[in-house]
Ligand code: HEC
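Have a look below at one chain only, the form predicted on its own, in structure tokens format.
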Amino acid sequence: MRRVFLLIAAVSLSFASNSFVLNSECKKCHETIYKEFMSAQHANSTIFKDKIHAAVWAKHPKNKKMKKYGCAKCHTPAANDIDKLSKKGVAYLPDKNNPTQNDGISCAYCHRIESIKHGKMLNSNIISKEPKKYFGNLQDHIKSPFHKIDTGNKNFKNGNVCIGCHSHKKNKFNLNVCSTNIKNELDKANCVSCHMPKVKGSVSNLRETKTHAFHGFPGLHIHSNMLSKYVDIELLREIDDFWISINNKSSHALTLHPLRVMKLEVSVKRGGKVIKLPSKIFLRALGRDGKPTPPWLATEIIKNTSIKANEKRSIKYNFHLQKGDEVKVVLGYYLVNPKLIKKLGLENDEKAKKFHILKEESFKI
């Protein structure tokens, strides 16, 4: 009987250690942070909330042939049935009625990342076995009545806890599909300095603070205006032409996902007339035998014009500027390559089709 009791207790403990508090529970004490988080892509990473992710997944062979979801590890890591979702060879699809799957990359999941295991194909997050032991950076904190607070985690101190998910992802052909950190170049970088800047507002209702780390996670999906300061645009005028320079001051390429396309638009206002100059496209295209393919079929990078980390890219325009001209420069992006909108069935998705502006400048000659 004692053995049976111990076995039940062990199973219960194991289940408890792998379950995560729902995001809605965090709202009770962290109202400001919760509101920010719910606008972020982390909270909207599931196929039920992210139409672009859902559209790509609908085309994936695992979905069509195996009825198997292959993205749970990163897109719904806090699901209480993550083992079934992630287990290879088992037909098991996401359930929109499961609240733990709808939480996306949840608050509790991120704050329980104890360490990061580096892998060849992708990295893995090692989760704390204590369900209510949360890691963070706020040194001057009060004792929470709801969870433990551990400020000794090196990954949180370094601000690079993100690389458990955002380091790299290789496909079965050993091609790096999406990466910020393939050579571990960001292991000592501080991701949160750009993507979780300090903003006004209290950390919680239990203790008043003037500022807190922004939990809206600025990126290309949302709050991209908060990242524009990491890109400079300059104009250099010559006798018969001029140059536009884009200075990427971040520690990774401006676009990372293979679906993204960045575009530079330049126009000259002369008198009452606007002269549009040829646009410049920046992208990273995957394919096989020189032709574009979906990421899961790609064996090579067939084109890469993306603006790399700490790169200053200069584009020449064969156009003679005159005194009084006004040059308008717009650097923006599409979340989905316009050429793929129809193939993915996203014709009615305004977010996918929209040209999002990252930075714009005007220069008076």
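A quick note: this is a predicted structure, and the numbers were derived from the prediction, not measured. The numbering used is simple: start at 1 and walk along the sequence shown.
Below: the form predicted together with heme C, not depicted.
A residue is said to contact a partner when one of its heavy atoms sits within 4.5 Å of a partner heavy atom; Lys198 meets this definition for heme C in the predicted bound form. In the predicted bound form, Lys172 stays away from heme C, with no heavy atom inside 4.5 Å. Using a 4.5 angstroms threshold between heavy atoms, His257 counts as touching heme C in the predicted bound form.
For the chain shown alone, Ile142 is a contact residue for heme C in the predicted bound form, at least one non-hydrogen atom being within 4.5 angstroms.
Stretch-level contact check against heme C in the predicted bound form with heavy atoms at 4.5 Å: of 238-246, 72-80, 92-100, 268-276, the positive one is 72-80.
Only one of Ile233, Leu283, Leu264, Leu122 lies close to heme C in the predicted bound form, with a heavy atom inside 4.5 Å, and it is Leu122. Taking the partner from elsewhere, every residue among His60, Cys162 and Leu220 has a non-hydrogen atom within 4.5 angstroms of heme C in the predicted bound form. In the predicted bound form, heme C lies within 4.5 angstroms of at least one heavy atom of each of the following residues of 104-135: Ile105, Ser106, Cys107, Ala108, Tyr109, Cys110, His111, Ile113, Leu122, Asn125, Tyr134, Phe135, in sequence order.
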